[in-house]
Ligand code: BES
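Next up is one chain by itself, shown in structure tokens, the form predicted on its own.
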Amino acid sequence: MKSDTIHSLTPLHFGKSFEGDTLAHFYFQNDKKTAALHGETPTEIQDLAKNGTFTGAAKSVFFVRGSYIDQINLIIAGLGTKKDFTPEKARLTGAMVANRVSLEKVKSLGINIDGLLKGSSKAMAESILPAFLEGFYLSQYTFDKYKSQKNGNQKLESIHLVSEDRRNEAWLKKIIHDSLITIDCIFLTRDFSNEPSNHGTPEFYANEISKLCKTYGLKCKVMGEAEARKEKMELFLCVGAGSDRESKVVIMEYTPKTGAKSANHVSLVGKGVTFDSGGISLKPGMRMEDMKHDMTGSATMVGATLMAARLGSKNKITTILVFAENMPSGKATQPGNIIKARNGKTVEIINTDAEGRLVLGDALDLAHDYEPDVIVDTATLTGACSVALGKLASALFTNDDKVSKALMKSTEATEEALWQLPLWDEYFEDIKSNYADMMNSANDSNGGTIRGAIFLKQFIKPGMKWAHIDLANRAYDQGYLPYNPRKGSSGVYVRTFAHFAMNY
């Protein structure tokens, strides 16, 4: 089945039969069929079941070479117990099967989806199968753009979804179409975030996003520094003041082809610091190379916007992305400087490494001009987010219960966890300045993630619904999940923000 994906993804097919080199079957734990594994099941697999080696337990994947007629190989994967089976477990299973496929150098894979979906309602199946496909494809992502020798592994040439029920055909087509778009947009976010900063400049991202908008029918506006100055975006401009590379503001606008009366207007805002040296408040050298990922907020919102648009969102989406490079030089913003924001408030710069909130402050104010129903921003804002929440959930802040519930509903659908932290106005006391309306940082590390959020709240006008997600702790190096790369961008929350934008 062909797809209009940006990336070269292994083609998906479906049918009642399969002619290839490897066929994958799935079994639940404590299932009578798993215990028996009779009939056409190869003797080798029956023996695995009889001696207790294979019980259908979750995360168990076995490969038996040349067991079927014509020497077809067999993969059997355990799904765990039916009552505990979730889309996330299907996603993990997909990744583990894919990793075994890669290890065994399989060329053509058949996937028995009847076994995968056994006992699932149609509604549940509509979550299980896409999750499995996501896990399978996402685990195979590589960023070898700058390697002289590309990934040398023998690549899978085709995937066949095998089902006895031909009534599933139209249903499968829709799932395949939507799943490949989802995977493609996550790959795009990973690509953007992994781009080295000497190539991934503000100009590079502005140009790439403009081309993507043209391809998928979105409007795109790019502002350089002169235009940003006319907009009085001095907080944004002060971050890139020390760089030789021009800062850029990119505005993506998606309008549904048919306007529904119930449609809402969602604004997504992303931080895009293409390299964060810390500026004059220079970071330590250890792992500074990872600061190319400091634009992951923007990369995530690009992926989410395109995903929602390509899946036919009924809601209008306006996405504002702010790209700048934070560098030390004779022109760089200095600690102690006072900068006037677009909304008229003044900020004393205490630490030039607290720069993300500066670019976002002006971007949030600009977002109001488009009169959305809700504004949601995301950023790799604070290292303190890792201290607060570890690696399993990112921080959510919001000024509206309805927005909180909608975002939590989206995380339930995508199984990408968020945890809400307080946004109490009392925290603003910590960043009051003697010389300006506020400071961009306090002089200690207490509550750093909350302080970043409370700073951003100062740029939200009364009555505007807003949420901020600090994804610094999950933006990259999330290899504890087998569908994420061990090193590099994860693409986490693309699905969540797309779901929210489509369903708010």
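Here the structure is a predicted model, which is why all the values come from computation and not from measurement. Numbering starts at 1 and follows the sequence shown.
Missing here is the form predicted together with the ligand; even so, the following discussion is about that form.
Novice: Within 4.5 Å of the ligand in the predicted bound form, counting heavy atoms only, one of 132 to 140, 199 to 207, 373 to 381, 239 to 247 shows up; tell me which.
Specialist: Flagged stretch: 373 to 381.
Novice: Counting only non-hydrogen atoms and a 4.5 angstroms cut-off, does F455 reach the ligand in the predicted bound form?
Specialist: F455: no, not in contact with the ligand in the predicted bound form.
Novice: Although the ligand is absent from this view, report whether D362 comes within 4.5 Å of it in the predicted bound form, heavy atoms only.
Specialist: Looking in the predicted bound form, residue contacts with the ligand do not include D362, since no heavy atom lies within 4.5 Å.
Novice: Using heavy atoms and a 4.5 Å limit, would one call K283 a contact residue for the ligand in the predicted bound form?
Specialist: Answer yes; at least one heavy atom of K283 falls within 4.5 Å of the ligand in the predicted bound form.
Novice: Is the gap between R357 and the ligand in the predicted bound form 4.5 Å or less for some heavy atom pair?
Specialist: Flag for R357 set to yes.
Novice: Heavy atom within 4.5 Å of the ligand in the predicted bound form: which of E234, D178, D353, D184?
Specialist: In short, D353.
Novice: Heavy atom within 4.5 Å of the ligand in the predicted bound form: which of F459, Y476, W466, F28?
Specialist: Only one option qualifies, and that one is Y476.
Novice: Scan 272 to 291 and write down, in order along the chain, each residue with a heavy atom lying within 4.5 Å of the ligand in the predicted bound form.
Specialist: Counting only heavy atoms within 4.5 Å of the ligand in the predicted bound form, the contacting residues of 272 to 291 are D276, K283, M291.
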